[in-house]
Ligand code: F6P
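Just the one chain here, laid out as structure tokens, in the form predicted on its own.
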């Protein structure tokens, strides 16, 4: 009987539990034993694994967070830590490891495969949407809905009190959440690292936006969404806007809200549940039923299942929306995505630039 281990790692994301439940049920249905690794790579090195079956995962499909737990692990970054992780997997007779997580988690999986021949299949799960070779990462849709709901509520207060709100959202180095939420929440402006603008440029543009919106168009509310990756502190942006309001006699107060970790929580949306289930199915297929050359690649460099990827190539799975990419390629393209060199990043910036003027109307 083959044995499959499931691990969630890094920041939690809505949809992780859905993927755990789906992978468990698909694997059990194929006659495999399933082990859940508790608390990410830290738990893997300690050998904390528990048997999973359909009954054990019943009721977790709709829950946020991860029932397996997650933890940042400095020890796993060392060769000694990864050797211990591989030893624990071998001791339990694990044939393949499914890693559900983001950039750092998949980097760990790639090293485990390359150094110790452990077959690793990654499932992209990161609200930051900062992974290449997939057009959707688990948690992104839920996070966006949370941000938009919060911004709608903030806008109610802003209109009532004639205020400008600067709302900071998560995303680390990737500005996707801010970009997409700005459209969905009808923001007046969006700030993201990929714009490459310095503090003086941002301050001048936002001050001009405020004056034109309030004095010339009579707007009662301004909403500016800022990605956390923007290096200019939110407090300094607020101070510059307050200065512009005072200098031009606009009478508009400026407030800030940092949504923070509230964006990570909550039950996954339909889209996150759908994608989680289908990616999990593809991951189990790659681990247990794929041709020998696919499983050999998983043991040599690790693989990741991608949802309707924009990148060409990859290996087909039984689901035409799911393709497999080597973790080497995923991580290389992810670096390009974050540096701004990837076509997807350039396309995002270009499209936002085209609508910036429309947002302010």
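Positions refer to the first chain, counted from 1. Here the structure is a predicted model, which means the values were calculated and not measured.
Absent from the display: the form predicted in complex with this ligand. The rest refers to it.
Using a 4.5 Å cutoff between non-hydrogen atoms, residue 141 does not count as a contact of this ligand in the model of the complex.
This ligand in the model of the complex comes within 4.5 Å of a heavy atom belonging to residue 261. For the chain shown alone, residue 128 is a contact residue for this ligand in the model of the complex, at least one non-hydrogen atom being within 4.5 angstroms. By the criterion of a heavy atom within 4.5 Å, residue 170 is counted among the residues contacting this ligand in the model of the complex. Checked against this ligand in the model of the complex, the residues 248, 72, 220, 236 give one hit for a heavy atom within 4.5 Å, which is 72.
With the partner left out here, this ligand still marks one of 282 to 290, 76 to 84, 120 to 128, 147 to 155 in the model of the complex; by a 4.5 Å heavy atom cut-off that stretch is 120 to 128. In the model of the complex, this ligand lies beyond 4.5 angstroms of every heavy atom of every residue of 78 to 108.
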